[in-house]
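Coming up is one lone chain in structure tokens, specifically the form predicted on its own.
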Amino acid sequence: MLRRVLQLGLGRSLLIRGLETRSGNSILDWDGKVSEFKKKIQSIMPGEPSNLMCDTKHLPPEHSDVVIVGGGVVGLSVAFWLKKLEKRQGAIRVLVVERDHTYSKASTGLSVGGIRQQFSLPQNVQLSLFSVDFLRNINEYLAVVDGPPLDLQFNPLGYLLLASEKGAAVLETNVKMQRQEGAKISLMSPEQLQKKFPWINTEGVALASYGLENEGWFDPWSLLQGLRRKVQSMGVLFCEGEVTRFITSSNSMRNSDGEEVNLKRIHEVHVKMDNSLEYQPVECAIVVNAAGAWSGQLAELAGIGKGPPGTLEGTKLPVEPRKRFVYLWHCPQGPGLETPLVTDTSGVYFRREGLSNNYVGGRSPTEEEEPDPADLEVDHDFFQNKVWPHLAQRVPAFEALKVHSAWAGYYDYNTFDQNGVVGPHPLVVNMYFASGFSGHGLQHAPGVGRAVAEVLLGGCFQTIDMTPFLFSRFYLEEKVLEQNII
């Protein structure tokens, strides 16, 4: 019985309960009560009205209907779609909390900005197709009155995935599914590959798949700033701070099998101000965990995973930070302007960067090679020993490349099945997830944001069925494995 309930996972009743305060009153009269309280205080103070009560611009509001923890593109996309889909303008008060207000360590700005439909799961293909339509029509969605139009610098040059004899059958199966979902993907033999891209050494390549349209890369920073500008114009509030505590209540109940289940509800989010001991409690109805690489830690703050092992209460959110290196190099005789983003049989990838024969690329390490995520220091030996030999073997011109710079960023890595976690927690009933995308969160952000908003506002997924990505799969041990992680 519990398994069936978890698989269904969603219900309008949770949303209805979530949009009420503990006293049962509607949240929409909160601003009026605060305003009345301020007037009473001012009326008993001598002299001119004081500005002390208004000098709180650095603090978040005392109440918000929805608190989104994480102000990267995923969190901002959730905020955008909540405001876009609300039935009455201004009906939902949304607060975004971001601790890295410079975004210097945010996954968004440190990404290589790729978007592709070449995934192994239908839901990921659908998310990419939705998102690329959003990006191609970006100014229809994110235009702001009197603001300049957005230019995402989208390069629609496609992805080229190379497969060895061992991986050819899987690649062919994936392409068949991708085409069924509407993606335009071509299969290429080694001979066809050599003819179209003569700079490639096809040794060890049995089959290749090439995205003919709606694949390529774009500027992540422009998307981030465009979303932020738009949601602010829609009334979304921002706060620079870190969530350090949740105030919760719990109720015990028994399911149809007689098992006792503890349901939790978050009532307050404590936000610690940047470089300060000060914190602000924010009363809320819904919390969205879009904290990226740190979403697992945030879930623990809400008590998720702290029950007995093997139980639903003891099931953790299996998302942790994984450090990934990106290298930029110059090669005067390197591949030309029509070069797609190439993924080698070894896992090494690269693409062009600009017009001056510069390239960016890297490789995901094996489990044994995983670097310490405690900092964002770059391991230059990793390029020399693990990346460059494969680059030079596949593209002989890269024998003469010269590395100019490098940086590191974080994947919000789902250790269970390398796929996103989307939707409500089954026990902490007003915490919703949008995390764990393991490297493809940027490109799927528009679709994920809409999916979370649909669940919050309507009680179910509508545009894309994201049910396989619910948290409950971790307890049920039902992997939704994504094989095409780059």
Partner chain sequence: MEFLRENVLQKQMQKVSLENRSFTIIQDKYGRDIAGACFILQHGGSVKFRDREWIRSDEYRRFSAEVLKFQAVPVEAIDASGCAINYHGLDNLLPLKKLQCLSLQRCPHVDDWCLSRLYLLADSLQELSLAGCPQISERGLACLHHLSNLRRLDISDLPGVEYPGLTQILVEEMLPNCEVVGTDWTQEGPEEQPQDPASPIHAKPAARDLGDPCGVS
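The model shown is predicted, which means the values in this text are computed figures rather than measured ones. Positions refer to the first chain, counted from 1.
We do not show the form predicted in complex with its partner chain, though everything after this point is about it.
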request  = Could you check which residue among T345, S209, S107, N155 gets a heavy atom within 4.5 Å of its partner chain in the predicted complex?
outcome  = N155
message = Considering non-hydrogen atoms and a 4.5 Å limit, which listed residue (E259, E140, E165, E377) is close to its partner chain in the predicted complex?
response = E140
task = Consider N214 of the chain shown here, and say whether it contacts its partner chain in the predicted complex, taking contact as heavy atoms within 4.5 Å.
result = yes
message = Can you tell me if R136 lies within 4.5 angstroms of its partner chain in the predicted complex, counting non-hydrogen atoms only?
response = yes
query = Do K184 and its partner chain come within 4.5 Å of each other in the predicted complex, heavy atoms counted?
reply = yes
Proximity of H330 to its partner chain in the predicted complex, heavy atoms at 4.5 Å = no
key: Segment assignment from 381-389, 311-319, 268-276, 349-357: heavy atom within 4.5 Å of its partner chain in the predicted complex   = 349-357
ask   = Can we say V132, D151 and L337 each have a non-hydrogen atom within 4.5 Å of its partner chain in the predicted complex?
value = yes
